[in-house]
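Next up is one chain by itself, shown in structure tokens, the form predicted on its own.
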Amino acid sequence: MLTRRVVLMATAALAVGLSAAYAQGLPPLEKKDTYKVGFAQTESNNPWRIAQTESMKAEAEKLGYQLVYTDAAGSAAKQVADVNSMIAQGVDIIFLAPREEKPLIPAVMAAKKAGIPVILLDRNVDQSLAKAGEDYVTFIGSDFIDEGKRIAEFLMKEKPEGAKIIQLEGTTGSSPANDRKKGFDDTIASNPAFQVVASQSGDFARDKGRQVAEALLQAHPDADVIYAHNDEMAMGAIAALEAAGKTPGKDVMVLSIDGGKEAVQAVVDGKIAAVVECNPRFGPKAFETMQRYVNGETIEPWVKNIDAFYDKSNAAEEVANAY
């Protein structure tokens, strides 16, 4: 039985050329002069998140759109509540940076049920529970597995004799932590000379990364590599090494992912050996993708960001361009 809401949604989808998307279950987004856009940020406790938020706000302002912004302060439960609040406020579309893969599924599904399309930014959700093109429009972000792989390949090239590695993982259950670990671990698995002696979450935070690094260095004093899933933990690890009387870059190689200015400068200074960029400037691509959806274009399930790589060969030249 067709309800009035279903008829209206189908009519709107046809009117803006989104009948194909609607047929797959995605809510339509009609063409308008301006939009009320939700952006559910996971936290704002590090330079990467701050840069991402600034980029989203700047692009919304440039387009003349109203941005409803929330900060979940590192809580998946609050982020779900934030999305529900956006739904109640009647936003046209929601950009969601999900803190964790599984806990944010209810938020995605609630938005879909309310007829509000969702675009995921920088982190994905569990693909067995929600799918791009069916439950949300797309995921915009980097290839986290490839990021871990690139770091591992650099390490194996620079230290062909092997290494004992401490791995500082990101937030447990988040897609970047899962994938950066997988990409790295799968790559070094081909050579038994490379051994991860300890792997523990530092929650993508500088202070926790420092604390975890201190404990793991005490437990494994022979470790000669620290691979951190982000710059904040890498900088925390550098502090831990210096407090232990070790020289980062000489006694212990430090590797990182994100590519913030501080970390790229640390490459210049010799404290970090290499950093894979994870570009936080999502604003232009996020709103461009939204407009493509409005226009009725078929959106690929994964809109990939292309990320740079920093080491001693280019860090000095590129540090000014880092976020």
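Since the structure is predicted, the reported quantities are computational estimates derived from the model, not experimental observations. Residue numbers here begin at 1 and follow the sequence given.
Here the subject shifts to the form predicted in complex with a small molecule, a form of this protein not shown in this document.
- Taking non-hydrogen atoms only, Glu43 approaches the small molecule to within 4.5 angstroms in the model of the complex.
- The small molecule in the model of the complex comes within 4.5 Å of a heavy atom belonging to Trp48.
- A residue is said to contact a partner when one of its heavy atoms sits within 4.5 Å of a partner heavy atom; Pro176 meets this definition for the small molecule in the model of the complex.
- In the model of the complex, the small molecule lies farther than 4.5 Å from every heavy atom of Gln79.
- Only one of the listed residues (Phe184, Phe204, Tyr227, Phe95) places a non-hydrogen atom within 4.5 angstroms of the small molecule in the model of the complex, and that residue is Phe204.
- In summary, the region of this chain contacting the small molecule in the model of the complex, judged by heavy atoms within 4.5 Å and restricted to 189 to 197, 216 to 224, 245 to 253, 116 to 124, corresponds to 116 to 124.
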